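Just the one chain here, the form predicted alone, laid out as structure tokens.
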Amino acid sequence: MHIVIIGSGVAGVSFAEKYRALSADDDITLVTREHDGYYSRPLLSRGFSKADIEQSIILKPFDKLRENNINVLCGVEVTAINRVGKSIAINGSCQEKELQYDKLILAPGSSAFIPPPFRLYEKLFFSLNSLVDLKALRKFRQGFLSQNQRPDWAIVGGGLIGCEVASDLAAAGDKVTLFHAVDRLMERQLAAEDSALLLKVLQDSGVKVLLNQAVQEFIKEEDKVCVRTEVTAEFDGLIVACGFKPRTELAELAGLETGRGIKVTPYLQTSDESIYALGDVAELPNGKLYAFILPIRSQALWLAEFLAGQKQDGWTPPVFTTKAKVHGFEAVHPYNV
């Protein structure tokens, strides 16, 4: 059997390694747009206070996976899924233009969500969704540090990632202003009391927090970028952190059933019996997406065991909690997950 996996995050890599441990003979090919290896995506938001982050974030080079008889095609884009012919079309530095599969595992993760009004201005801001994004941010920041200056940042979005990045940039010594559209931070994850505590922690760290901010547009003025709300303020750098969007485009083009994510059964099977989905993109029958490390890894290990004939009951989510990586912040109440 030839298993093809799209995505080299925790879902794809955990599945590949577990399935290889259970089956020595089946062919496993992992296809990824990444070049740097399997890395810890949650550590991206600590990418400014850790000097060696570009090395320490790498959990496993792709060559280590290859040593385990997992074929890795890196720097590759999957452009289409041919369900009738059971193949995927790919573009990249590899010689192959098409890969056949018996089972296809979709684990492409999420992309940064950019609100439609902001898409006109994408050249003016950064997002933080990959190691490539982090390297671009660090390079930009280093231009200031090399001149003994500190950049003045605007961050739009007071959810989990926005607060984590604001905290880490402040801890690294930069000036940060955080814009959030509603009246409290991380309103989807935190109780009101914890939102208030988070606000105080960020303010005490030097972050200027502006709530109830309707950001209208961004404007480039010489070497500055301006954020316009009711007033206009200028900054050296701008980061948009408005959440994530599951990468469902390939599935949609292939005619798979989608909603918020790729719809799956309790067996993580899509509307095509040969295709499964894992992680950020997998929308369970209850309508939920379990986009957190512990349930994603649980899905990957379960699916490997299921396809190897060692599981019969469907996947059920484990009990798990999440935590904001904000310096000096500990929530009193459980997070909403």
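Just so you know, these numbers come straight off a predicted model, no measurement behind them. When you see a residue number, it is the position in the sequence shown, counting from 1.
Below, we turn to the form predicted together with a small molecule, even though it does not appear here.
Peer 1: Have a look at 128, 198, 207, 104 for me and say which one sits with a heavy atom within 4.5 Å of the small molecule in the predicted complex.
Peer 2: It is 128 that has a heavy atom within 4.5 Å of the partner.
Peer 1: Given that the small molecule is left out here, which of 237, 109, 261, 159 has a heavy atom within 4.5 Å of it in the predicted complex?
Peer 2: By the 4.5 Å heavy-atom cutoff, the listed residue in contact is 109.
Peer 1: Report whether the minimum heavy atom distance between residue 242 and the small molecule in the predicted complex is within 4.5 Å.
Peer 2: Output for residue 242 is no: heavy atoms all beyond 4.5 Å of the small molecule.
Peer 1: Find out whether any non-hydrogen atom of residue 61 is located within 4.5 angstroms of the small molecule in the predicted complex, and reply yes or no.
Peer 2: Residue 61 lies outside the contact set for the small molecule.
Peer 1: Please tell me whether any heavy atom belonging to residue 86 falls inside 4.5 Å of a heavy atom of the small molecule, as the geometry stands in the predicted complex.
Peer 2: Contact check for residue 86: no, nothing within 4.5 Å of the small molecule in the predicted complex.
Peer 1: Considering only heavy atoms, tell me if residue 76 and the small molecule come within 4.5 Å of each other in the predicted complex.
Peer 2: Flag for residue 76 set to yes.
Peer 1: Partner absent here, but in the predicted complex, which of 31-39, 302-310, 50-58, 267-275 has residues with a heavy atom within 4.5 Å of the small molecule?
Peer 2: Of the options, only 31-39 has residues within 4.5 Å of the partner.
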